[in-house]
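A lone chain, given as structure tokens: the form predicted alone.
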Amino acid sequence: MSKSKLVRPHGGGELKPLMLSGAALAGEKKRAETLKKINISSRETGDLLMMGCGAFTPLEGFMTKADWKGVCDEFKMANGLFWPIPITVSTDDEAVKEGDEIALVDSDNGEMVATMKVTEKYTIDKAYECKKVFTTDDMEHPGVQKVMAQGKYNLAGPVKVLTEGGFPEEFGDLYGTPAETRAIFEKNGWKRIAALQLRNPMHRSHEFLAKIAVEVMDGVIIHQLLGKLKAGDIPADVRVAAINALVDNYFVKGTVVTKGYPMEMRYAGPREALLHGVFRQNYGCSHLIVGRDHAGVGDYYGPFDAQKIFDQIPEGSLELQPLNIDWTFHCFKCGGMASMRTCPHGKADRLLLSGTMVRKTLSEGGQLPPEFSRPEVVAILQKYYQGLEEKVEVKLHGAATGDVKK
């Protein structure tokens, strides 16, 4: 068997998927029924699913206090492994103690996600974590809200994952594990692969980023977040349809792979860009496309802070490298897509593109200019927003006639 030409999984070893299978899975599920149940948040469930599929290789479970402190302060765990964001689980249950075996249950749907051996129970300064990870403890920040809502205690210890969270059933072939994407890249003969992170439908700016990467890489993986989003973001199924329409009509066949992963967004900007780098390396990617305001929200981060942070971490932290691309837009004088590095014209000639603008324009019944998004994508998004308007009208009509159930 020939040696792989792909980047190694994070930590330099083999992939470490923590999802059980076969008889081991059946046995552990049966045992889990006898254990103390601890409810966990959607974010914690997403992290478990990432451990389960091997995307968080080489983690074996949730972090200790020493890991938490090291990651917050120095981007590294107690064993020296580079890691940019704490991966923790919490509870308010006073009865849980070190040495306990527990079952972790998704509080949203009641599904048992994993079993865990508690090796440490500890408290943290949540505001401190927020300032380190998000650069703010402002409660308007969606990531800060999640951390501040955590339980009183963090629990550390190894886990055994019992489910894929329904993602393969809901998304079919779009859902992919690191082992599966690596197999695809190997089959394609790719060595240099860039990942394009997406939580929004793919517009002309995203298309431009991907096509720049197609020119200089062996291939590109359009890697969509399938986990929970903040209020106002476009749902995954609508985004998937829009991306498929664009890829099918505007990319050369065989140059891109579209896949999704189960993590929940943290909106941590620069730190999250690093986390994206960690798990994209596990998926087999040599590069991560980092454009304007990668993984950002609001005005908490500078437009290119996520590019700069890759130069601030210790050398050798990742085998994956950033593929930095400047602010992109449509220039009317250039007659097409351009970037700050390629376009000499002024602001008056540029149409700046953003997901926020799409949501605002379409939710208000406006029209997107063709320079912003392909017509196939616009049609899908218009249908989605029209459906939202119809639901609101039905609800308002029901309230007016007294038909709304309390």
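The first residue of the sequence shown is number 1, and the count goes up from there. Bear in mind that the values here come from a model prediction, so they are computed numbers and not experimental data.
We do not show the form predicted in complex with a further copy of the same chain, though everything after this point is about it.
Stretch-level contact check against a further copy of the same chain in the predicted bound form with heavy atoms at 4.5 Å: of 297-305, 154-162, 91-99, 319-327, the positive one is 319-327.
Site annotation in the predicted bound form: the residue of Asp237, Glu169, Glu215, Glu111 reaching within 4.5 Å of a further copy of the same chain with a heavy atom is Glu215. Arg341 is the sole member of Lys360, Lys37, Arg341, Lys30 with a non-hydrogen atom within 4.5 Å of a further copy of the same chain in the predicted bound form. Interface membership of Gly336, defined by any non-hydrogen atom within 4.5 Å of a further copy of the same chain in the predicted bound form, is confirmed. In the predicted bound form, a further copy of the same chain lies within 4.5 Å of some heavy atom of Val252. Among heavy atoms of Pro142, none comes within 4.5 Å of a further copy of the same chain in the predicted bound form. When a further copy of the same chain is considered in the predicted bound form, Glu74 lies well away from it, no heavy atom lying within 4.5 Å. Taken together, the three residues Arg204, Lys211 and Gly219 all come within 4.5 Å of a further copy of the same chain in the predicted bound form, as judged by their closest heavy atom.
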